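Before any questions on how it binds or moves, here is one chain, the form predicted on its own, in structure tokens.
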Amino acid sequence: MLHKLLFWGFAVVFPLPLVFTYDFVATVPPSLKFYIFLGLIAYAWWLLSIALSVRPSWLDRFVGLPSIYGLHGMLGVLAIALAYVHSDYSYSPSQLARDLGDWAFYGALGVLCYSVFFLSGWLVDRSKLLLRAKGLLETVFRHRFTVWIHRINLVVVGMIWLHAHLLVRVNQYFAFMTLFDLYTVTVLAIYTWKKWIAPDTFLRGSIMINDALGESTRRVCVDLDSKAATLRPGDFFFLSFEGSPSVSGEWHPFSVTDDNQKTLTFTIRQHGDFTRRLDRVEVGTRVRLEGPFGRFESIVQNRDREAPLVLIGMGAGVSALLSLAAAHHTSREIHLLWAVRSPEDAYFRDVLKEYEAATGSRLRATVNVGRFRREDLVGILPAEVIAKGAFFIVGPNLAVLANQRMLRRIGVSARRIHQERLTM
């Protein structure tokens, strides 16, 4: 919790140097200065949102990728709100400056609406109807197209930067403009480096196995050129397949199934336009890997060692939890609950039996065809486990949120529920 407070607090502090510097040097009327402050805060939050979009792995270890994406989205919404007030109550003698400000505002608003539906999960994760509509629309608006639409925000930032440089009430203050440009150049340099230069330093490997596990799941094993030395149980990577005619080179997140640092195994459910074509990717295809990401292991380490772990996986979502079970099944009490669509989809049943046999009663695995219901959880989990356990849920978005609500209803506090949704 402290980490997240510091993280969100930084977003509040980030625009202040710009605001204080302008307040110190500018001589415009106080009423107008206030609305310029709002414009500066909105611009700084757009820049910070872009900086967060490169998902620094060190920051992921600090607060987790869901928090990074959450703040990224909230800053976009808040910046739009402040920009609206700034635009409505301030004025400019330059027609070009006014036009650039208006174009930037409507461009950012359009990208925000598009991204909320196709990228955020804020709406579609909570409605089966919207999720189905998104699935249909993605046959046209594919994920790669959506990513490029999202990058229009870079054009928006460019227009706002030029808008500020055309305003005499702003551009006449050298110290302020130097700081304003320093903010802009620093963030765009970070973005350029992470998107187009840093990938050359990422882990690389070749696909050595790509076979089917059940009707809609694949096992993809990647033999790395060098070890993933920082890999921890429960981690995931963003993968980009290079030179394959079957799939594009866009980045997608997949969880690691075991703790082998040289050969990474990914269990992938084929449910999207990208993953449905994975069966056509040939053995030997080169792969780039960004990561690892994930906070499950640090959460486990920070919990009381006597507190049981409850791992709830839906379908291929169990893969991230298997690596946690592999790491801790000899030292901690673990309840692993795995929901599958059919008995044939329980492809890790033998692995779970091996873990159970190796630990006596410390690890208990329950495989269920269909989702677990409230009465199932109450019947499977002892009262002490519900009262003290740390719960980890991984699976499709709707299923994870449904399980989260169900756990809250049986008395599991929100701070003991940790989830990872299989979404982009």
Partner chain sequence: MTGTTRRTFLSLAGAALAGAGAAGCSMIEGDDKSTGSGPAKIDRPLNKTRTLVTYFSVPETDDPNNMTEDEENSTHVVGGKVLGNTQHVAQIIEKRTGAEVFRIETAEGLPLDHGTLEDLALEQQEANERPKLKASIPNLEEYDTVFVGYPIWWYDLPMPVYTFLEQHDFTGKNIILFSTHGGNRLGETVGVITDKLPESTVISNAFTISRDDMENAEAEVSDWLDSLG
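Fair warning: this is a prediction, and the values are worked out from it, not measured in the lab. Positions refer to the first chain, counted from 1.
Form predicted in complex with the partner chain: not shown, discussed below.
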*in the model of the complex, do Leu100, Thr184 and Ala189 all put a heavy atom within 4.5 Å of the partner chain?*
no
*From the candidate stretches 372-380, 59-67, 22-30, 351-359, select the single one in contact with the partner chain in the model of the complex, where contact means a heavy atom within 4.5 Å.*
22-30
*Are any of the heavy atoms in Phe266 no more than 4.5 Å from a heavy atom of the partner chain in the model of the complex?*
no
*Interface membership of Phe118, the partner chain in the model of the complex, 4.5 Å heavy atom rule*: no
*Indicate whether the partner chain has at least one heavy atom within 4.5 Å of a heavy atom of Ala327 in the model of the complex.*
no
*in the model of the complex, Ser87 touching the partner chain (heavy atom, 4.5 Å)*: yes
*Which one, Val281, Met159, Ile152, Leu109, lies within 4.5 Å of the partner chain in the model of the complex by heavy atoms?*
Leu109
*Have a look at Trp196, Phe174, Tyr91, Phe145 for me and say which one sits with a heavy atom within 4.5 Å of the partner chain in the model of the complex.*
Tyr91
*Within 33-67, which residues come within 4.5 Å of the partner chain in the model of the complex, counting heavy atoms only?*
Phe34, Tyr35
